[in-house]
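Given as structure tokens, the chain that follows is alone and in the form predicted alone.
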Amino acid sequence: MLTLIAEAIEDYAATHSSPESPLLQELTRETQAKTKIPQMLVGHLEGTLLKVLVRLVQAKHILEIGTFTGYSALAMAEGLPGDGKLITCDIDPETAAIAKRYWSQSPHGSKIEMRLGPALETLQTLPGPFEMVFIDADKENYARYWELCVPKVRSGGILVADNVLWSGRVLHPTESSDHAIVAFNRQVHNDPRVEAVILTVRDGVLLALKR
């Protein structure tokens, strides 16, 4: 697996970014200790980016596809106003239970609504509009999530997708998930409804502004 960003540089960037809350630090520790794939956690640097984006677009309604242990949802909820709402979708009840336990300890947890079940089905029930969407789930369905989410985002809102460099495998795709990410990046690049940029943050973060 290709390391995209030198660890020392990423540590420097995280150290010189706004600090994460103690609750998010504890959630990181438990995720690392108790889950099989802890690297799925967005972590401090990307979590802070998401929180800043929430505030930049003055979001009040956020949609997240892929909850895992709830770090990204809580980070974004910290950026929401008191009457803001974040809906997050996932299919794993075990990791969702960890997420809910941490949300319940946060003053921002009441802003988060969990939808447990296949996101492609859940999305059909959500009318929007949203000011922000964060996609970080099964890579093979990124293209489908995108097509369902874009119409639900208001003009001037943003869509964010994680893992769009896929540990560098976008350069030499071999597995189905590799090809899915390559196709997704091409799809967004050719989508006239948005202006998009891929940031070399962690495993690649795509940021798209809805026209």
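All residue numbers refer to positions in the sequence shown, first residue = 1. No experiment lies behind these values; they were computed from the predicted model shown.
Below, we refer to the form predicted in complex with a small molecule, which is not included among the displayed structures.
Stretch-level contact check against the small molecule in the predicted complex with heavy atoms at 4.5 Å: of 52-60, 66-74, 153-161, 178-186, the positive one is 66-74. The contact residue chosen from L45, L148, L165, L41 relative to the small molecule in the predicted complex is L41, the criterion being a non-hydrogen atom within 4.5 angstroms. Though the partner is left out of this view, E131 does not reach within 4.5 Å of the small molecule in the predicted complex, counting heavy atoms only. Residue contact check for L126: none of its heavy atoms lie within 4.5 Å of the small molecule in the predicted complex. Interface residue remark: A97 is not counted as part of the site for the small molecule in the predicted complex, having no heavy atom within 4.5 Å. The small molecule in the predicted complex comes within 4.5 Å of no heavy atom belonging to P107.
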